[in-house]
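Below, in structure tokens: the form predicted alone, a single chain.
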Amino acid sequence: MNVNTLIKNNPDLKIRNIIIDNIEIKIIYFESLCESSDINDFILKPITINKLNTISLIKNMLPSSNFKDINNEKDLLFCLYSGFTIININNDFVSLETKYSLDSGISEASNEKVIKGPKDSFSENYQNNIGLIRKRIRTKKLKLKEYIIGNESKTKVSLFYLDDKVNKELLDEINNRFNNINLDYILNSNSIIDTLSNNSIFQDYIMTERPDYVTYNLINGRIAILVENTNQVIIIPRFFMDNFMNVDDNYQNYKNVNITRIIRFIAFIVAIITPSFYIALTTFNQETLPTSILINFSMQREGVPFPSFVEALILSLTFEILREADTRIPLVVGTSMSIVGALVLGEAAAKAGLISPIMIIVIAISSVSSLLFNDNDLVNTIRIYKIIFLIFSGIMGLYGLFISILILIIKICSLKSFNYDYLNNLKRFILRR
């Protein structure tokens, strides 16, 4: 194994040569991945002071808990790119772990608001993430199965499960899928889930950065997938009612939580149906409205140049643009953008006669209801079905609305999440103590 050929395109690769009793010792490491002080204090100093010139002496004398013998070039490259330092003596190689901490550390979850419960969250550090789970479930029944996936990236991916809770058929299914993954690079959790998921509009997996949420699901027989260099942990399977359940529910009074979950379910329906229901009533089925309400709606729409259907599409698109802008730009600017979009643009459009006030109210009700959900996958699902419902209602009125509702129900009932029915955990929707 000739390591000198690696230097050409790797300027951060360092090779330190030490000669002790006419025996050459090479210390090989990436300075961008390794902690220099650890190499100086625990490798270079002990070797030079104690004159360690054989691999056996080094393994006996150096203060390291993680030694690994290198037998081929593949293992050599894997250890180098994983932050290990390689010691080479007479074509014998051994590696010692000297990783430099390149992650952001343990901090509070940024994408999932914590109302009650622990504040720690997963980080990019693979071992830290494992520790955050192990410190919560201290039992030998907690099992960890590790894979190396990615022909080039050699990314560590692990399965966490409780041996007495998990469904063995589900575990075998995931093992088989992992063994069939053939990718060159695994960059994050999405690279893994794209090969496992059914790619439906309704996602069959949960992505979270909260260790307590992962622990809760492990106890309930699910599987957690940890991917190296990412702070998002995958939980499988996912069911429809998981969209309306939150880990913070476990820290609150169960009677209040049941009401909250019902409110979330109602908000999901309102977010999807409200614009299309208004379009159906005012455009095709006006006879269903009381005369006074119909006259009021007609007066508000006086002078508006667009049909109600086009008006609803424009307002819905405008809100989604503002929501995406608020998500992507810095926090302070985002708050200002929300105020400008919601107040200035909405009021100006109504006064200019481009948009009717009642349509602003309808879209606002739908949009605020969707804000109850911070899962991007679920938010995108609501967006898609909102447009589908609008199109059907804009073409056939209430008949189109009922047809689109039927399509949604059939879709949900027909879905599978890793061979489980998507409506599998309906009975767990009501929290009991």
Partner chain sequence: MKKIILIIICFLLCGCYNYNELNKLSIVSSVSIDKKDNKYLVGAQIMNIKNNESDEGSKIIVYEEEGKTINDALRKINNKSSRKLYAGHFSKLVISEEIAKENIVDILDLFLRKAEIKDEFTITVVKNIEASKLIKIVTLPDQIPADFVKNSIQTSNIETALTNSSKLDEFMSYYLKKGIDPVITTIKVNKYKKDADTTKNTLTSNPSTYIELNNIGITYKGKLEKYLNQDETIGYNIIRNRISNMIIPVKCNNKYSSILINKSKTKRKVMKNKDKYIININVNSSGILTESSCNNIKELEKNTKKEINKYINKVLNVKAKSKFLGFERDIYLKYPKENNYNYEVKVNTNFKVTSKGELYEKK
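Residue numbers count along the first chain shown, from 1. Only a predicted model underlies this, so the values are computations on that prediction, with no experimental measurement involved.
There is another form of the same protein, the form predicted together with its partner chain; it is not shown, and what comes next is about it.
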- Task: Report the residue, out of G303, P357, G221, G131, that has at least one non-hydrogen atom within 4.5 angstroms of its partner chain in the predicted complex.
- Result: G303
- Query: Pick from L187, I263, M299, A325: which residue has any heavy atom within 4.5 angstroms of its partner chain in the predicted complex?
  - Reply: M299
- Based on heavy atom distances of at most 4.5 Å to its partner chain in the predicted complex, which listed stretch, 198-206, 268-276, 86-94, 289-297, is the contact stretch? 289-297
- Query: Is there a heavy atom of T318 no more than 4.5 Å from a heavy atom of its partner chain in the predicted complex?
  - Reply: no
- Contact between I395 and its partner chain in the predicted complex at 4.5 Å, heavy atoms? yes
- 4.5 Å heavy atom contact, T282 and its partner chain in the predicted complex: yes
- Heavy atom of P307 within 4.5 Å of its partner chain in the predicted complex: yes
